[in-house]
Ligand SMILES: Cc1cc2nc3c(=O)[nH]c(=O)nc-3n(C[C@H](O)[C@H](O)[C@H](O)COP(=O)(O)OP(=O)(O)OC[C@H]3O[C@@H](n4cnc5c(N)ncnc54)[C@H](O)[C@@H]3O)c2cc1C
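Single chain ahead, by itself, as structure tokens, in the form predicted alone.
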Amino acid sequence: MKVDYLIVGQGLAGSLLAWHLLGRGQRVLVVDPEEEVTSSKVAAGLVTPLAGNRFNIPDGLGERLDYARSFYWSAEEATKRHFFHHKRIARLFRSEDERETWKSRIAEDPEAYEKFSGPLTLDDDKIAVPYGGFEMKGGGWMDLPEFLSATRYHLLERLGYAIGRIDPDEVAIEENFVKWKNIEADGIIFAQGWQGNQNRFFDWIPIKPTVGDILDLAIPEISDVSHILNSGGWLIPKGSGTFSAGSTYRHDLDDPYGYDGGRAEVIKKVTQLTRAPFEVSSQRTGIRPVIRRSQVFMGRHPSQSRVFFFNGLGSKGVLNGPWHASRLVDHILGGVSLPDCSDIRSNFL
């Protein structure tokens, strides 16, 4: 079997790459082990344009946000599925200092911040708003399991998906193609998440996995709240009084799943957001790939021109991932230079 590109992994990174390569007329085969629990299947999928407690506007935020919205709209049209949910985000200040930091940011450049923020319209006495807050524009959340499922069926219809696990030691690099079993491809792209440096091609990239816990809750007393609540922790309304809440960052991988401490940490975050009683219906845990500064990294292997890497999307992956996938495909197909901040060869060699 001959394809243009072989993609290892069908998490968020691999799925975004598949869409962009298909959009450029390439034939792809995505190989994934279909594990029940992965970081992409567990992740909240939050899109928060102004993240962190300093409220800085990242370089290129407007372009990346517009591109992501356009990309997801096109993918929804192609699959006749709905997975991206535009939601108002109530960013609640955690302290007086945080409120003053926000005021100083607005004063420095009111025009820049006007595009991404507005007055807080949240009005519910069961939501804790001791220091005020603002409303983030352009945010929301993506149902990642739904997106991954829609992408998988889209690939299956094009004979572009297979269940399996690619052992990098079984990948042969020839002069004009790469080969795995009976598959020949012009190139292979590794998009393996937290296991991305556990192969012979990219064992030199410093991935530090972190564990994250998310809880599913029933909070009937605030069933009419439609905002995503964000203040250290977060609450995403899912309808009918159900919410997702999170999250944690743990580095201990010895026993990552079902950790009671993670559950307790998320519960503490929830109690700081709402005074309403709640019940926990389930706990979900995933392992994230974290690379330097939680930055996306990608590019061509330094000595194997047909081997590529795409990883580190992290908590901002839904927002930034489509733009980065587009840059990588431009690089692979057209030789366009990658952003220096993301190029693996510029940063780790």
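The structure presented is a predicted model; accordingly, all values stated were derived computationally and were not measured. Just count from 1 along the sequence shown to find any residue number.
There is another form of this protein, the form predicted together with the named molecule, and it is not shown here; the text below is about that form.
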Decide yes or no: are 9, 14 and 287 jointly within 4.5 Å of the named molecule in the model of the complex, with each residue judged by its heavy atoms?
-> yes
Selected contact from 233, 138, 237, 212, since only one has a non-hydrogen atom within 4.5 angstroms of the named molecule in the model of the complex | 212
Contact residue in the model of the complex, chosen from 164, 145, 220, 261 - any heavy atom within 4.5 Å of the named molecule = 164
With heavy atoms only and a cut-off of 4.5 Å, decide whether residue 247 touches the named molecule in the model of the complex.
-> yes
Report yes if any heavy atom of residue 314 sits within 4.5 Å of a heavy atom of the named molecule in the model of the complex; otherwise report no.
-> yes
Is there a heavy atom of residue 38 lying 4.5 Å or less from a heavy atom of the named molecule in the model of the complex?
-> yes
Examine residue 44 and determine whether its closest non-hydrogen atom to the named molecule in the model of the complex is within 4.5 angstroms.
-> yes
